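Quick heads-up: it's one chain on its own, the form predicted alone, in structure tokens.
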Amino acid sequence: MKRKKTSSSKVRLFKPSFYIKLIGVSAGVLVLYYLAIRQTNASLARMLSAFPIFFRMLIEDFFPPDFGYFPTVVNQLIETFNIALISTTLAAVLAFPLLFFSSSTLNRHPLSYGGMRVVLTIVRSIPNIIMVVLMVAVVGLGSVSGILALMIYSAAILIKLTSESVESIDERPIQAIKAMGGNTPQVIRYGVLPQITPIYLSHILYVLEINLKASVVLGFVGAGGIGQLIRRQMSLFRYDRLGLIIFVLFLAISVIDYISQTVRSRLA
């Protein structure tokens, strides 16, 4: 009997075109990194040499913290939290009716849907610090300018996040309500709200976390709160007080992040 010849062929995991694309993409990324390094004059040696100076400053200037300054820090921290809380609450109230106009599932009119998406894109493209500078020019220095700036930006974020969730909800309850002769308010009340309410609350808590951290930065440009206190102590070179502020801020943000994540995990 003649034995059948078996041809052993190598099994290729990827096609040759995949390796060509991989090399091309890798080369493009390396070129971008090279251009970024040249544009920013980045130097690894200079960055590494800064670490000993940084650690020496932490040990010699930041410690021991000035714990006598603790009541002032807590007072400004409460103001910062209030700015974040009020701005997030106002943003949630403002965003809730508008998110239905920015969802293609509920808003079938191309002009209003497209116009809403363009407005949201414009608002989100403006950095918070630019927004608060504009509000300072309108209402002056203080917490009100920070609240208005964060409210506008947070409303755009909430509308963007939640409208995408509306577009991915189960449409079977909506179709059933429409088949029974339900109008648009009834569709929203009984078909949409039960599905998006937990998601919307989760997004509100997430935006609250963002606003708490953003309000610290906005204090540098006159929005009040603990950011303004940090700027003042830096100008006075009181790094012992600055170390206390950073420590208290770290503890506060960690606690709020933990609480927010716990609540959001239960809402999911």
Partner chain sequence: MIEFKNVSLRYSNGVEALKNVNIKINKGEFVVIVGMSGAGKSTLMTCINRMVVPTEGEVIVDGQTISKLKESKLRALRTQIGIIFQDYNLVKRMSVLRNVMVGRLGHTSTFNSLIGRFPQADLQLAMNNLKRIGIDEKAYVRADQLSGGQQQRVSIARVLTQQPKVILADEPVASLDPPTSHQVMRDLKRVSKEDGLTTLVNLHFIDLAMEYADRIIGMRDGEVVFDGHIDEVTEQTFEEIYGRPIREDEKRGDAS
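All values reported here derive from a predicted model rather than from experimental measurement. Positions refer to the first chain, counted from 1.
In what follows, reference is made to the form predicted together with its partner chain, a form of this protein that is not presented.
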Legend entry - G142: touches its partner chain in the predicted complex, heavy atom cutoff 4.5 angstroms: no
Inset, instruction - Classify I157 as contacting or not contacting its partner chain in the predicted complex by the rule of any non-hydrogen atom within 4.5 angstroms, answering yes or no. - result: no
Inset, instruction - Decide whether N82 counts as a contact residue for its partner chain in the predicted complex under a heavy atom distance cut-off of 4.5 Å. - result: no
Inset, instruction - Considering only heavy atoms, tell me if S165 and its partner chain come within 4.5 Å of each other in the predicted complex. - result: no
Inset, instruction - Taking 4.5 Å between heavy atoms as the contact cutoff, choose which of P110, P185, P97, P71 touches its partner chain in the predicted complex. - result: P185
Inset, instruction - Quick one: from L148, I177, L90, V123, grab the residue that has a heavy atom within 4.5 Å of its partner chain in the predicted complex. - result: I177
Inset, instruction - Would you mind picking out the stretch of 129 to 137, 113 to 121, 157 to 165, 189 to 197 that comes within 4.5 angstroms of its partner chain in the predicted complex, counting non-hydrogen atoms? - result: 189 to 197
